[in-house]
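Next up is one chain by itself, shown in structure tokens, the form predicted on its own.
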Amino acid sequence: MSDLIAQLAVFGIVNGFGYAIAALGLTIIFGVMRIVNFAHGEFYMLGAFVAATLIATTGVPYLVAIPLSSVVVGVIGIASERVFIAPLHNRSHLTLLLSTLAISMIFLNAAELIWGSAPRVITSPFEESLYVIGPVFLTGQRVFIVAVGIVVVVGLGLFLKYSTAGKIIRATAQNPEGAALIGVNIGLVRSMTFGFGCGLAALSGALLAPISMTYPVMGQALAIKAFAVTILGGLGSLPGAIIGGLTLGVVEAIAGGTLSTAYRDLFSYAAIIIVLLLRPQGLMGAAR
């Protein structure tokens, strides 16, 4: 039984890194723009489809398709923010939320028209390798997901803390009026941040696609999990998104593997409810 728990926990950590990468994008967007991006799951889906299309049509290697898909979807995110969100910035939060919901519907239907509804498989060069550590075994793709997740987490932390662009993003998130007074182009920062967050969602999609299936509605389940991770970790908290993603991934895997996959989401969201009852601001959120 202990071997099974160890195996499930490791699988959960792998999935948790995928959730955390997507949730980091959602958290950054919320931190700067103060809106929840209801289209986040569709940008995750676009990342998987763009990577699959690049591999199938241009023959680029999987390792090249991953960053390319993230950049392409990030640019789509910037364009979406300029067209659908920026003109409504002075409107109510409900209006902004509905605009992201409109983006979600547009991209969901566009994906079905372009790629169809049949599931696709992305082949990864890492899938053929297998690593065994005691009672735990992992495919190369799962090891690769963890490695990329660690690089993204560390790289994002260094970028936000030390780079000029990162400092501008943090200043805008903390005090947009003050940032505007010292010459920061708030509109540009919001657009770039939205695109960056969408690019992270796309990166998560391209990473997880080889261990799942790629289809137009794949982002809907991920969006719910990303929202849950963000709430669990604390709205606007980047460390919270990481801890929340790993926690959700492990709880899901162990509950689904020891009981039934039908109860996986039940136990996951029960854990979230318990955390919110004991700590309403989330695991890493600041009390208000």
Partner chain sequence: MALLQVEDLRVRYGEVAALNGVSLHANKGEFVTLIGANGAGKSTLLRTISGLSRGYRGTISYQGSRIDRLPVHNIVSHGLVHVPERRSLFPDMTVAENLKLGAYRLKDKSSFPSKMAQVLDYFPKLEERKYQLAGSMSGGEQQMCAIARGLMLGPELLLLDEPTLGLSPLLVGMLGKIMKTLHGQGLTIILVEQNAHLALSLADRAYVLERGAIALEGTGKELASSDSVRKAYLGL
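Positions refer to the first chain, counted from 1. Fair warning: this is a prediction, and the values are worked out from it, not measured in the lab.
Although it is not shown, the form predicted together with the partner chain is what the next lines describe.
- The stretch among 205-213, 141-149, 166-174, 77-85 whose residues place heavy atoms within 4.5 Å of the partner chain in the predicted bound form is 166-174.
- Residue contact check for residue 119: none of its heavy atoms lie within 4.5 Å of the partner chain in the predicted bound form.
- Within this chain, residue 185 lines the site of the partner chain in the predicted bound form, having a heavy atom no more than 4.5 Å away.
- With a 4.5 Å cutoff on heavy atoms, residue 135 does not count as touching the partner chain in the predicted bound form; it lies far away.
- The closest non-hydrogen atom of residue 178 lies within 4.5 Å of the partner chain in the predicted bound form.
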